[in-house]
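The data below hold one chain only, encoded as structure tokens and taken in the form predicted alone.
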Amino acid sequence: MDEAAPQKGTVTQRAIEEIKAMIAEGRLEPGQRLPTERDLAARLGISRSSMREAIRALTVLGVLEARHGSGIYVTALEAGDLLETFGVVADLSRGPRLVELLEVRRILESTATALAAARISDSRLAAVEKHLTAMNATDDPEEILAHDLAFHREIAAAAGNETMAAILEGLSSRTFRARVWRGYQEEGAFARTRREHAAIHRALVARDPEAARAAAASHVGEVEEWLRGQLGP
């Protein structure tokens, strides 16, 4: 007699998928309280410990949140919360994998910058200019890093796509950016990257999406080339 095939996935994974299905199908709405751990476990025919693990995993992913004394709730399911753990990938990636992430960032950031050129408000444009001015006023890598992050964050927000902005936030590893700025300082490359930021700003001021796309792609492309040079052949 043939042996029965092993059940795919673990009990905890099955519980995770069931809770996700309840949310996707509208049986649980954002902000709604979950049934008790006991009720959910009984409904799925699994142990409370397996259900507890599933809830813990979905809490880490930003899908659920525990409210002290009240229970477990579905979060607002905002893109930024759901994609927050994506940043861990960027922080921990090294070598060729980091180059791959930069390639993804180049594609998304150039698109976001093009959208921003068409949609940016005067107040947000002023904020971009403020961070550009601050970057140009110092040679301190930490200060430059802070304003560099803020510069790109304002542009991503101006694109008007929260999911894209959240992904870019995850790809914008502070750890890696700090390494790049330190490397630029050692190589005397601050002037070049300041020109790149200025080109992005000019395209935004001109409300020119294609110029903005090209400037952003060139900027991230330079970082890619720098990293490839660090990695060697």
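Quick caveat: nothing in here was measured; it's all calculated off a predicted structure. Start at 1 with the first residue shown and count on from there.
One more form of this protein exists, namely the form predicted together with the DNA; it is left out here, but the text below deals with it.
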Checklist outcome for this item: Checking Arg202, Arg27, Arg195, Arg48 against the DNA in the model of the complex, the residue with a non-hydrogen atom inside 4.5 angstroms turns out to be Arg48
Checklist outcome for this item: The listed residue (Arg43, Arg207, Arg174, Arg56) that reaches within 4.5 Å of the DNA in the model of the complex by any heavy atom is Arg56
Item to check | Options 95-103, 71-79, 121-129, 142-150; stretch whose heavy atom lies within 4.5 Å of the DNA in the model of the complex | outcome: 71-79
Checklist entry - For the spot marked by Val11, Glu37 and Ala66, is every residue within 4.5 Å of the DNA in the model of the complex through some heavy atom? => result yes
Checklist entry - Quick one: does Arg52 come within 4.5 Å of the DNA in the model of the complex, counting heavy atoms only? => result yes
Item to check | Exercise: Arg33 in contact with the DNA in the model of the complex, heavy atom 4.5 Å | outcome: yes
